[in-house]
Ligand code: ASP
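This document opens with one chain alone, in structure tokens, the form predicted on its own.
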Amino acid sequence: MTIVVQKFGGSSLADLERLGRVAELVVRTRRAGHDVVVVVSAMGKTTDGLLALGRDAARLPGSEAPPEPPRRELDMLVSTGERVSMALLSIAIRARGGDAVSLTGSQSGIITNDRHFDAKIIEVRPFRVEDELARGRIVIVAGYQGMSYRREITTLGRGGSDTTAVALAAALGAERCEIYSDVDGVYTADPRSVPDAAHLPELDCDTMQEMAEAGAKVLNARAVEWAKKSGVVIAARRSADFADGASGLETRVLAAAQAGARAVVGDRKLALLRSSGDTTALLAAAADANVPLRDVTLDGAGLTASISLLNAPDLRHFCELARRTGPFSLEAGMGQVSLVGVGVGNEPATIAAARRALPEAPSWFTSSPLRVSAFLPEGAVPDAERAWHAAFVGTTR
């Protein structure tokens, strides 16, 4: 039998009714003659609730704990969300006549480095998964988590369940990896900001990875990286479209590159970091505080970079360390708009036209072979998305 890996996001599992529809979809796939591995996220906003609970515990009356809980304990806490999903889905599948078994990330052989809260998968040893498939079972895997080589529970950062699914698909030699969420694939821009955004039936891995790095939420950047190096085909789908035996749109992410501007991506909840102090020490401070820096620029004036405020739980600790390295500023309330496509950042005419098309002057402007980005106040991002889409993407379709 061919193996199909299906991943379901939190919105697809937000309540028992939706979870039941997912169970029916999985059972239909198995009865169609496929071996099925299912990767699940936590239900709805469970992860956000667990993180809030952990931070509240660190601030209980009489507590002398630091402002942010230890990352190791956060991993132990938030990894429970996916375990709830996997067990409930296995129960629901069995109630529909399927034979299912649930496995944690560590039981599934997901081996990571020893970085907590934002770990990277370094190896997949899917022996237990293969054994259960050989018994004819549907295997339900808790996404977003693994076990480090030091035998610690780790989590993979936001969107990490996508990476779990694609990494497992690669290790198992799966025919495809279906990523189900509340959107029906990838568009040339966010339809909420750009009403005339067009659906993309196919997209190359390079462009999709760059879109994810720039803030697109449909697929995780590390998941696309795994797909690119292993040859896994990803199909991004909306769960509701494929419920009850129906079908709908999908975006297939393939290896072959396609040149030219493909999409505009807006990102919000960013902070702009500028430093004129000891940049080497500042980079060491970011590494020590586990704060990822994006679009780092080093020149004679110092360092400029952006920080996503969605994935920087130790930001206060970083600021304490950064003050010791010399003058720096951290401007919150920022956003970013990016024009993404193979080769767009190598074309001076495209860079100049992008700069001219912005409704207002950016705080910072960067380019790379796959992307041109402008950093603006968060409220200015939707207008910039529409302007760049009209200038570069809408006219090419």
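Just so we're clear, the structure is a prediction, and the values are computed from it rather than from any experiment. Start at 1 and count along the sequence shown; that's the residue number.
Another form exists, predicted in complex with the named molecule; not displayed. Remarks below refer to it.
For R274, no non-hydrogen atom is located within 4.5 Å of the named molecule in the predicted bound form, even though that partner is not displayed. When contacts are judged by a 4.5 Å heavy atom cut-off, E210 does not count as touching the named molecule in the predicted bound form. None of the heavy atoms of Q336 is located within 4.5 Å of the named molecule in the predicted bound form. Although the partner is absent here, V372 lies well away from the named molecule in the predicted bound form, with no heavy atom inside 4.5 Å. Site annotation in the predicted bound form: the residue of R158, R115, H317, R252 reaching within 4.5 Å of the named molecule with a heavy atom is R158.
Taking a 4.5 Å heavy atom cutoff to the named molecule in the predicted bound form, the contact residue among V38, V344, A42, A354 is A42. The stretch from 159-167, 225-233, 129-137, 92-100 that comes within 4.5 Å of the named molecule in the predicted bound form, counting heavy atoms only, is 159-167. Counting a residue when any of its non-hydrogen atoms is within 4.5 Å of the named molecule in the predicted bound form, the one hit in 73-96 is E82.
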